[in-house]
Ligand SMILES: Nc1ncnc2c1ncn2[C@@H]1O[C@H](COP(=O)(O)OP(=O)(O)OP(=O)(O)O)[C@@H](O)[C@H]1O
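Below you will find one chain, with nothing else, as structure tokens; this is the form predicted on its own, and questions on how it binds or moves follow later.
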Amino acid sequence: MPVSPTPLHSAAALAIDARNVGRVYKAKPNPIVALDGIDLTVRPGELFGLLGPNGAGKTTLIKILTTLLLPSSGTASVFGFDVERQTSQIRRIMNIVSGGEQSGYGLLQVREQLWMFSQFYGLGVREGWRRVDELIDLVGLQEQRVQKVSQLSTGQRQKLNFARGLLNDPWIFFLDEPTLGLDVSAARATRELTLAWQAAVPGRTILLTSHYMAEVDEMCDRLAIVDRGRILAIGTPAELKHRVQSESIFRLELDRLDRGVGALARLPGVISAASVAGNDNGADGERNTILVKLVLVDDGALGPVVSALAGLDAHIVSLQKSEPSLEDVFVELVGRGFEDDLTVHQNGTGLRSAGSRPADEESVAEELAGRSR
């Protein structure tokens, strides 16, 4: 039966507590190290992201936390329940949706498909139908409720997957690259659905894996950057970006600056001020505006600069702050960007190709539902 998140969320248990978790797959000629000493804590109510390229170990970690795979070393718990010894308790309070997973049986209608899973999760007949209709409305499949699963679009299939994942009202929701293969509109709908579900009840927790920078930046309270089975950094998106760029950088467009950029460079809090190539020129070849790159110790130094410009009789035409991206952070940490092609590291760690998914992951939903009864 679905369980309310309230009782356990009032306790001191972490939503996720992983200590030195490792996972090694036996393979020839060398074992494959998928996870190499992962330490991770997630608080109840967080939307936590794992950002990394395909094959970084994100899915392996999720499979351990959802009791589908045993760790080779270390310990992990979900809301205080041990992933090795208390699997049935964990399966009653969690669910998982993966990008690109099968939506079920094509001959069944949407409503029939969800009701079947409600029985796997142990709901009574009347409660199952009530919950199914409630979730169909929640995910926006009202018009497709009696449509066969095989006739759904890719985006509609993922909405169906979300409804299936919420049938047992989980305390923690694992989303493994949920927007993989979706178009822009469907991906946006998936993100909005995720955020709305979490916001509806305090304490709901989400662990999201992705290799899409903007998705993690937009959604996550905190995130970990993962590569080759290791966590390289953990923090809020803003904290991680601060690792790359501690100062504040602005691009100023001014109508005039008679005393030159040197007048700005001497102001308190200004690290440097330099004219930027590409200033606009009028038809007669005379400059119309002045572009300046301004590097400040922090955002607070911008106020005195604006006041000084007014004293110099210079007016701001436009002002734009230069922000580092999470990709800048990743490249800073590992010295390379994301790789989509299959790569085999010298230490024996394999990366799967973009969009591929191990065959055993296609039946994750059925396995979890069947074992939670």
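All residue numbers refer to positions in the sequence shown, first residue = 1. Treat the numbers as computed from the prediction; the structure is a model and nothing was measured.
The discussion below concerns the form predicted in complex with this ligand, not included here.
Although the partner is absent from this view, R204 stays clear of this ligand in the model of the complex, with no non-hydrogen atom inside 4.5 angstroms.
The closest non-hydrogen atom of L65 lies beyond 4.5 Å of this ligand in the model of the complex. Although the partner is absent here, L40 sits far enough away that none of its heavy atoms falls within 4.5 Å of this ligand in the model of the complex. A residue is said to contact a partner when one of its heavy atoms sits within 4.5 Å of a partner heavy atom; E101 fails this definition for this ligand in the model of the complex, lying far away. Figure note: of the listed segments 40-48, 306-314, 324-332, 54-62, the one touching this ligand in the model of the complex, with heavy atoms no more than 4.5 Å away, is 54-62. Heavy atoms closer than or equal to 4.5 Å to this ligand in the model of the complex belong, across 32-48, to the residues I32, A34, ordered by sequence position.
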